[in-house]
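As structure tokens, one chain now follows by itself in the form predicted alone.
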């Protein structure tokens, strides 16, 4: 996945469900094409196959399980999302935390399938630890700021700076995204100035009254 990038986690909001979700995915594709900037989306799990067929932008799963294909009812495996053309997956999101060994094994499985991994972390220390597993991206998101009105770039810029420094010292090829409270182009600009290579956000786009305007503002600072 090319950087800098705006990665949008669509979560399970009503504004990203059913027809509303398809409209948002189409809008992300249009803005990416119009602006020439990089946008990736992580739709609801029920939409993965549909969106991966319909939209050329990178489509990510919101989560995958560290289980084998077969008698694992209700789970989503890396092999499953690879088979339908997804670009990759989020791992260890703040709302779906898993243990460190599962993170390591999932990164390894995804790497073997050429799936891009975005491993979510809560702080710089965890970012350094998980960077050692060699994911493609670390997305640092202080959980207390997720979904809030104040961006991590304003409230805790040191978390971004420290994460970038510690990740690059440990694993130079791992890229760093930041998230939590990111809502506009100013936040994107500050994130990049602090060393990040893009942002991961959700409600700032999904719940916006004018989603197109927000997307255009976000990509304007890439």
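Positions refer to the first chain, counted from 1. Bear in mind that the values here come from a model prediction, so they are computed numbers and not experimental data.
The form predicted together with SN-glycerol-3-phosphate (G3P) is left out here; the points below concern that form.
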Counting any non-hydrogen atom inside 4.5 Å, which residue from 124, 145, 107, 87 sits next to SN-glycerol-3-phosphate (G3P) in the predicted bound form? 145
Using a 4.5 Å cut on heavy atoms, which of 167, 41, 180, 196 is close to SN-glycerol-3-phosphate (G3P) in the predicted bound form? 180
Can any non-hydrogen atom of residue 128 be found within 4.5 angstroms of SN-glycerol-3-phosphate (G3P) in the predicted bound form? no
Heavy atom of residue 17 within 4.5 Å of SN-glycerol-3-phosphate (G3P) in the predicted bound form: no
Test of understanding: in the predicted bound form, would residue 12 fall inside 4.5 Å of SN-glycerol-3-phosphate (G3P) by heavy atoms? no
Are any of the heavy atoms in residue 24 no more than 4.5 Å from a heavy atom of SN-glycerol-3-phosphate (G3P) in the predicted bound form? no
Among 26 to 34, 66 to 74, 180 to 188, 43 to 51, the region lying within 4.5 Å of SN-glycerol-3-phosphate (G3P) in the predicted bound form by heavy atom distance: 180 to 188
Does anything in 184 to 203 come within 4.5 Å of SN-glycerol-3-phosphate (G3P) in the predicted bound form by heavy atoms, and if so which residues, in order? 200, 201, 202, 203
